[in-house]
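Next up is one chain by itself, shown in structure tokens, the form predicted alone.
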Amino acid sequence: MRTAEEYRAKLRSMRKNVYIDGKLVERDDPQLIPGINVIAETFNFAHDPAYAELMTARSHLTGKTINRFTHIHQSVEDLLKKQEMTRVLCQHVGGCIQRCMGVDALNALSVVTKECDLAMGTSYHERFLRYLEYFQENDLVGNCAQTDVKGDRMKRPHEQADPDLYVRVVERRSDGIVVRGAKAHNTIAPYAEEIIVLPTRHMTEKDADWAVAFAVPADAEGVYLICRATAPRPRKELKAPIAEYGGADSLTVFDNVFVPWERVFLCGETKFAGRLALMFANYHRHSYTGCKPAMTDIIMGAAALVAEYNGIEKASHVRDKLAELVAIAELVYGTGIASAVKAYRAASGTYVPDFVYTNVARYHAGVNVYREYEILADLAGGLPATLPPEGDFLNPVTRGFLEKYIMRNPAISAENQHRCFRMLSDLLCSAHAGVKQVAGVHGGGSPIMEKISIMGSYDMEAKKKIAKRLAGIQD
């Protein structure tokens, strides 16, 4: 397993193809460092003996100890540990741990490449296992590029005016394929080492060129990463862990990118495109049952803290709102546990979490995002939006006034009051906060997609039979 510094060194050695605000930047650009700091913790924790059991696993391919973020789930216990690991790490960095993108894509490929081989006589699974061994051996960081830009949402890939609005194969050669198109909303892409591309939807027979899955190095020729990076506002003197972490997302462009056959995991088998899209979504929504409760934990803790600092922590309406946050966090987490316990073993030996429970959990998390922020904003009051910049608290002319007038509970120092509200401002009013709120709704699939998945997987006929029997209706 690698160290965080080895990961950082690898990023520094990669070809420049990351663009931010019109500039071609290195992968250690200051705007990317907060996101890199997040991923670094996945290496740090793996080397910490206190977290070794949670953060590492034994490879089913080599028997070696590997980072759990490169592991293929071999049991219910693996799924439960991945969920717990995600919650612990997200609590630590104050937000999304991001590396789940890669492991969720790998597990989806593990399942569907085997299914495709059994049905179609292909050899994708053997290719995938060779790639997986390489991925594990080098402890790589992967991004899953799934969401196509889609163009006209009412048209299928082959019906688009511009065929590149879904990633497609433009050439098949003896040594590989050439692909063109773009994937959107790719969290972690500018500081990932591998881009794992999966289909975004069901495909018809006419969509064969778009039914493609593959992996390329993130700095491969023809790959352009056009990025937006956000983080909490940097601190001058009142340093805080929350201000050290952030994230970045990419519009990932594939401009005639060559992919050797050994890195191609689906190519034209349209009936498995939708299956692969749904399988990744299922694994990623299971990851959300760890990260989303962690985000609620952070909001809950901040809400309880500001209530204490404002001297209202015993008020009934405060306790009622905190209980609501507890219910959201633990219902999502508990449903994630249920999805792991109800998992099934696929033909590849990979364990697949229950589709209904993962989607119920992700739906419940998504529709409650703004309610959680509403509770935090309500208990915090207006100060997070109007808090003067940190420099005014450091200026000797204004410092005394601000320390005097920020006071609430006299048992809490002015500095700690300031630290609390500076964090609340980052959580509620910063550009990074805006990204987190929208991502909380749409990341891993919008609530309508969870509803579609629930109804596609749920046995409603069985429930109708219950009603018919109770009503005395004979079929």
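Note that the structure is a prediction, hence the values are computed from the model and not measured. From 1 onward, residues are counted along the sequence shown.
The form predicted together with a small molecule exists for this protein as well; it is not shown, and the discussion that follows is about that form.
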query	finding
Heavy atom of each of 184, 438 and 443 within 4.5 Å of the small molecule in the predicted complex	yes
Contact assignment for the small molecule in the predicted complex, among 359, 339, 143, 86, heavy atom within 4.5 Å	143
Single option in 203, 101, 332, 192 placed near the small molecule in the predicted complex, where near means a heavy atom within 4.5 Å	101
The small molecule in the predicted complex: contacting segment from 55-63, 417-425, 445-453, 38-46, heavy atom within 4.5 Å	445-453
Contact of residue 147 with the small molecule in the predicted complex (heavy atom, 4.5 Å)	yes
